[in-house]
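This text opens with one protein chain seen in two forms, each one given by itself as structure tokens under the names structure 1 and structure 2.
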Structure 1
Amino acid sequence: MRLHTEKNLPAKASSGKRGLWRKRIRENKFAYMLMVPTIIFMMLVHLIPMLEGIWMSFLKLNQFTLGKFLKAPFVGLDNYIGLLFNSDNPVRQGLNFAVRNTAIYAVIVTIGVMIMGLMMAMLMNRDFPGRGIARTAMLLPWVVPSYVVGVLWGFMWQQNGIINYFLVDVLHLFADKPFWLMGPNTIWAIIIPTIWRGWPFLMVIFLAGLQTIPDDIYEAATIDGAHKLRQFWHITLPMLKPVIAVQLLFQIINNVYSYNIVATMFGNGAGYPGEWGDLMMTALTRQSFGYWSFGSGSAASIMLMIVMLMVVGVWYRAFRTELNAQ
């Protein structure tokens, strides 16, 4: 009799879990109903296009088979092999420069906006006359559309533009007016406008985080003799670490997939910013649509997505403790 009862224990436990799930669903039925439109929308906007992109990466999808679209000839891993090992692949041309530029661009822009955003957040967290007006004014670069930023800074970077006027004619930092839109200087011509536009958003996020830190902690640290730098290092940074972790991930992803500023600064859609200004997104767009190699372009996009998933994995392992503590 006891053996018979023990055999039925797993079944009873399983039925108990199912009953618990049914009870929770009944209790939260309205909440689940509200989630349904969001789930459907996310599937239409993200999941289905992503699955189509993965399928396209296994197809010979070019100008000759575009009419068939998802029914184009299946070529398996040929697109991936061509990108990795075939130097004649049109989509691969220039990708080495784009990968290098994207890595430099993403790292410097991410560090730049994080530092600028935190510095300005700490400044705007102080109590001074006109603080509300100053906070509003600081948001102006973020309000400007990225298209306008690209066009505006494109004119400013011209050899006879306002930037060279100040650097050469006013500050006398250079003997001659440098070219900013060609050669190695191009990478800075796209990094600086991106930092200029991006830091106000980080300022708002960090400012919200700073306002959650109780003033009593700083007062106690001051009484104990801790100077401002020690307070920043031992109080501000640890308290903001979860916010910094999340924004670090968002900025890396956003900067790796950056497109608008480069595309508009150099005109003609993606244009060609040169081997020191081309990013992954501009290169893939130009090469895929320019050569009608949509299968190879999809394969390159999927490879980039896999790399970014690995980055997310490394990021989660690095900040797992802080994230789980929230």
Structure 2
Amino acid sequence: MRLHTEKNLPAKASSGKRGLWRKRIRENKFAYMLMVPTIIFMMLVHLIPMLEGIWMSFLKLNQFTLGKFLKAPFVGLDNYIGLLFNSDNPVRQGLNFAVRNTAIYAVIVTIGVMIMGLMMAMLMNRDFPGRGIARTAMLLPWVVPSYVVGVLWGFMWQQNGIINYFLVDVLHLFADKPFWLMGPNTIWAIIIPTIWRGWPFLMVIFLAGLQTIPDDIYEAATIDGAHKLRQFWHITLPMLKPVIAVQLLFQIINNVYSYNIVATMFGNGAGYPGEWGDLMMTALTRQSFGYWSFGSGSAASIMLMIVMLMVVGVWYRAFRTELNAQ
């Protein structure tokens, strides 16, 4: 109603709008008070460090200038140029491999957890003996801390470990026991534990999503003669699409920023897994702290953030209709 009168009186609109704004702020005083602690903490540990990080990416910050912090010499875009074009840059060392591995890792883990999670949610949505126990047991990997996942799977992947025992001595899949923690196999040594730990959570989310789909839709489809696969494709997937969209984004973000499993699985805790297991986070932390090269480190993390913003943009365009329908 109020908006209508404003539209009819353009001369007064600006002052009226400001008055309305002020009134709404006053009316919502309680809401603002509820947010004060959050805003203070987010200023201290999100906003300020982020602005500092952006500023630091233009500074020459090494072991000599570290003490000056934000007053270190300004070098413009040198850190960015160094990262992109100068292969001698210490932070650049091995970054190509880390970027490649992170891309492979994030894509395979994300697809893997989504498919496993959905499949298990559908299996668990049936009635079968021991369903309660099975469902609880399934959640166990999710509660295992990820640094334990690194240690535990690093132990199991060993050449005389239990995984090779199953693969070679029981199933005879390979002639010789492969090395999982060396060479190109390394990437599987980090992908599989991450999927193992990640999918139970998606199972829980998808199971809750499945239970919101009314049974009569499936009954009607069965009467119409639609078989299970068609039902899955035309009912289950579309109904779950909003949930899938949100979880997809969270998974991509989590996996690109993954650190713990690699850090505890390799190099006796030093976290260097070689060319085929190094991820962005482990590589950047190791190189930046190893060479006290925080300017380049900040520049690299800003570039990573820009790439992630583009990923989110693509994601939003792809799922816009589902997200707005909610």
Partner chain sequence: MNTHRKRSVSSFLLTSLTWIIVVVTIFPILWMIFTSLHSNNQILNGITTFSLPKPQWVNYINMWDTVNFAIYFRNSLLICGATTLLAGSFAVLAGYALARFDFPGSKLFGMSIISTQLIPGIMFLFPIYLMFLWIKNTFGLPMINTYWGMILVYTAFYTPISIWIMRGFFVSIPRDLEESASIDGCTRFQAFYRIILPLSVPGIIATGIFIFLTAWDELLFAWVLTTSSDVQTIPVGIRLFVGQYNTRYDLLMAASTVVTVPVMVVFFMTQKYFISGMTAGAVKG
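Structure 1's sequence is the ruler for residue numbers, which start at 1. This is a predicted model, so every value here is computed, not measured. Here, rigid core means the biggest group of C-alpha atoms that superpose within 1.5 Å across both forms.
*Asks:* If only one of the two is the form predicted in complex with the partner chain, which is it?
*Replies:* Structure 2, not 1.
*Asks:* Core aligned, does the CA of P214 move at least 2 Å between the two structures?
*Replies:* No, because once the rigid core is superposed, the C-alpha of P214 moves less than 2 Å between the two structures.
*Asks:* Rigid core fitted, then: does T38 show a CA shift of 2 angstroms or greater between the two structures?
*Replies:* Yes, the C-alpha position differs by at least 2 Å between the two structures.
*Asks:* Once both forms sit on the same rigid core, is the C-alpha displacement of F128 at or above 2 Å between the two structures?
*Replies:* Yes, because once the rigid core is superposed, the C-alpha of F128 moves 2 Å or more between the two structures.
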